[in-house]
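Before any questions on binding or motion, here is one chain by itself as structure tokens, the form predicted alone.
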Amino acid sequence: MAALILGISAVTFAVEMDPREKAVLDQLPGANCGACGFAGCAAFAHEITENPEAEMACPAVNEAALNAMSEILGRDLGGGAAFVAFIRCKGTPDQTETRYNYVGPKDCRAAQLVAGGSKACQFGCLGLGTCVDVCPFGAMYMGEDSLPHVIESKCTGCGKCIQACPRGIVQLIPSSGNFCVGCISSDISKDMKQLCKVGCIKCGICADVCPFDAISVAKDKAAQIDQAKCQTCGLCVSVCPTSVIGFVHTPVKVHVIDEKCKGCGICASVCPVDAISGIIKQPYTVNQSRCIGCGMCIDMCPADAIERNIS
């Protein structure tokens, strides 16, 4: 009888869903990651349907879904948050010191509770893959180097990995950016080098060569790149002695189109890594092993004779 009463009540007092809300919900990823600030996709679908002032806050929708929702609701929803995760540690097991052998749950948060983690560098990745486990989009994987890696094409910038990392190693940077420092150690260079061979040694060379004043370094703070100032020229990458500055996107190098090149030499003069050479009035060439894909030569070529390599 009680079940019957509840069933009748559910039908009697049910609130009919706006069909637009259902259509919007069908376009959302269904991961319920919470990156939009709501409890799940259903809650966000309700908000964006009922509130005409609500903005697109789901970072996981693709362009097709975004256009579909804009058409359903009859207003331009703009774009989602354009961020991608970056792992700020390059300390593989063979490059870092270990204090003890951890035996316990395969979870970085649990490992951190045991005397602060097994890795000697208190800022290094513990390598148990908790960030990978919590990613609702399959955008991360553990590499053979025992470190997590981000699949840029799948990452939505939801931030679940950030919440899961007990050491604050994961950072979200604009997807339009391209470089980030793979170290967060605040140990002074002398102490850090005893624990890790690939960390930031705070030498400041990257900051010295940056033409946009986008990098800051301190004796007790690893280099940091201001993404708002960075113009992705790649000079910092070319001079870093420990190769701790990493790419978010794989750089696409360039080549010269011989039949268009006038041999003016402007490209060679602006190349920050001396990757271009040639003889005046003859086609120039690009040394692929040195090119960092910054694109400065493309911007400056008056003959439109330089283009990026087709992958």
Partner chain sequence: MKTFKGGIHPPEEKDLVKNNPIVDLPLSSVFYVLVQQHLGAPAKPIVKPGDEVKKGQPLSEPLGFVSAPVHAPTSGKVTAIAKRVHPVTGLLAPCIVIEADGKDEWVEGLPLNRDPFTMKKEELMGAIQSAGIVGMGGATFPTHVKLSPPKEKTIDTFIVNGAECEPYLSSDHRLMLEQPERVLNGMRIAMGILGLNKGILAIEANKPDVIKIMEEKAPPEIMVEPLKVKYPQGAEKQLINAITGREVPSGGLPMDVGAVVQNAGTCAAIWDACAHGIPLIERITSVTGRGIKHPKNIRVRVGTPIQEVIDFCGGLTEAAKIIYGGPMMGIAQFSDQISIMKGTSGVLVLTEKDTNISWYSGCISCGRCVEACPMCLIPSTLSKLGEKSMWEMALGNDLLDCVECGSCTYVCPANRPIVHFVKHLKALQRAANAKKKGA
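Just so we're clear, the structure is a prediction, and the values are computed from it rather than from any experiment. Positions refer to the first chain, counted from 1.
Quick note: we don't show the form predicted in complex with the partner chain, though the next part is all about it.
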Interface residue in the predicted bound form among 204, 105, 138, 174, criterion: non-hydrogen atom within 4.5 angstroms of the partner chain: 105
Contact residue in the predicted bound form, from 150, 111, 192, 198 (heavy atom within 4.5 Å of the partner chain): 111
Location of the partner chain contact in the predicted bound form, chosen stretch of 139 to 147, 92 to 100, 204 to 212, 226 to 234 [non-hydrogen atom, 4.5 Å]: 92 to 100
